[in-house]
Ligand SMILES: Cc1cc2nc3c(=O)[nH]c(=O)nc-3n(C[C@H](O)[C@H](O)[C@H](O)COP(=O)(O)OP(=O)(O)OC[C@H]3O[C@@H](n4cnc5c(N)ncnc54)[C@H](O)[C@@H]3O)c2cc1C
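Shown next as structure tokens: one chain only, the form predicted on its own.
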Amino acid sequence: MAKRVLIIGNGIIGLSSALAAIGRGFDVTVLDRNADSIENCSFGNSGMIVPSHFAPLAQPGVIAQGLRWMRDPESPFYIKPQLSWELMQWGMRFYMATNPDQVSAGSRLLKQMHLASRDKYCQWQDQGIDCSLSTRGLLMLCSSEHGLSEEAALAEKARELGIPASVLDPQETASLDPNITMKVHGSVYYPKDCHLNPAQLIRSLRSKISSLGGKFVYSKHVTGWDEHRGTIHAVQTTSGQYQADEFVLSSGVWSDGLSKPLGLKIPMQAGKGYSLTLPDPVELPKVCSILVEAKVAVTPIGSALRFGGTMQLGELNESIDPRRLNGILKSIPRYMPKFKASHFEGIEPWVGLRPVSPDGLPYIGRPRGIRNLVVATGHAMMGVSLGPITGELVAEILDGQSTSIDLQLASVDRFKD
């Protein structure tokens, strides 16, 4: 009889894990706190697969930049001031993770995972998982000489890691994507980057998993664990108990709270982000891009165009701060002058809560002391980009194999002691 695996979380990480586990012969059930019609954090994001984003969020210079941004209510980054011991601990761990050696090691891990995920997406496409994958690369658009200089230095590090990158002047940038009018000082082009339609991806994954015998259970909030001497026998929910042989915790920002009754310590902050999608944009680029100084992602999704940004820490809710949205809208015409704020009137903003670890690396693996639990969470803005390889690594762990990528830096227990 096949081993029963219960996956808690219905986002890209949970679905990728479900698909990989089914491929290894496991009997898989996916359980989620939301109704099947509710869109999770994987739906409205920028849908980018980004080997270019190999550097962890925690890196030298980020804290100083963040403190400067805190003074601007429309800036791309904000931490809500509050008396929170957990937030202060998270901040101290973030600071300690910015040392160059740790950043360098984390970059090597993320580079490996991004490239492996990119390969996996191409395989999924051949297997009928439809997500409108586009492999045209990504442009880091710089509106200033300083921004281009910093991105060029990062491109040099990328090339050292084996990630191709080209520094382009304004004319070269324009020739790469003539569909869009750009006002930039230059750009860095990453040909290995890709983009896709995230909502289409999630729906296609759910359909594929169901067709292979996977089961879905919705509207079940996990309230506790039936655990004895290091073995979990069941999860308690708002309406009954669910038993399994193996459990996978991939509940995004909720994973920290759900894991505490098991004695785990996987610190996380919710990184609130927004996106706005124009159904009929005045111009439609072919290549996805990042507006570098504004930290805004721009993704063509079919005939629509999505703009996403901000990192707002310290709020575990989906309220919308209009000042952050205004910051996104004001920045777009500086790079793409054909767009005006009036084009976004009546467009409903989307908000998502990204699970952000203190060192910018995910948590993947079995925690000490719990023999039949795998944790897979903490991917921050990189859930879509790192989803397929994370699912494969989870399935390898469930199967008792050594993982194809060394996960020491992603240890679930790295903040426990």
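All of these numbers come straight from a predicted model, not from anything done at the bench. When you see a residue number, it is the position in the sequence shown, counting from 1.
Only in words, not in the display: the form predicted together with the ligand, which the text now covers.
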**Message:** Give me the residue from P51, G360, G47, G391 that has a heavy atom within 4.5 Å of the ligand in the predicted complex.
**Reply:** G47
**Prompt:** Are all three of V184, G327 and H343 close to the ligand in the predicted complex, meaning a heavy atom of each within 4.5 Å?
**Reply:** no
**Asked** For the chain shown here without its partner, which stretch in 149-157, 245-253, 100-108, 168-176 has non-hydrogen atoms within 4.5 angstroms of the ligand in the predicted complex?
**Response** 245-253
**Asked** Counting only non-hydrogen atoms and a 4.5 angstroms cut-off, does A380 reach the ligand in the predicted complex?
**Response** yes
**Request:** Could you confirm whether P56 comes within 4.5 Å of the ligand in the predicted complex, counting heavy atoms only?
**Result:** no
**Item:** Contact test in the predicted complex: W350 vs the ligand, heavy atoms, 4.5 Å
**Value:** yes
**Asked** Taking heavy atoms only, is Q65 within 4.5 angstroms of the ligand in the predicted complex?
**Response** no
**Those residues of 352-372 which, in the predicted complex, come within 4.5 Å of the ligand by heavy atom** = G352, R354, P355
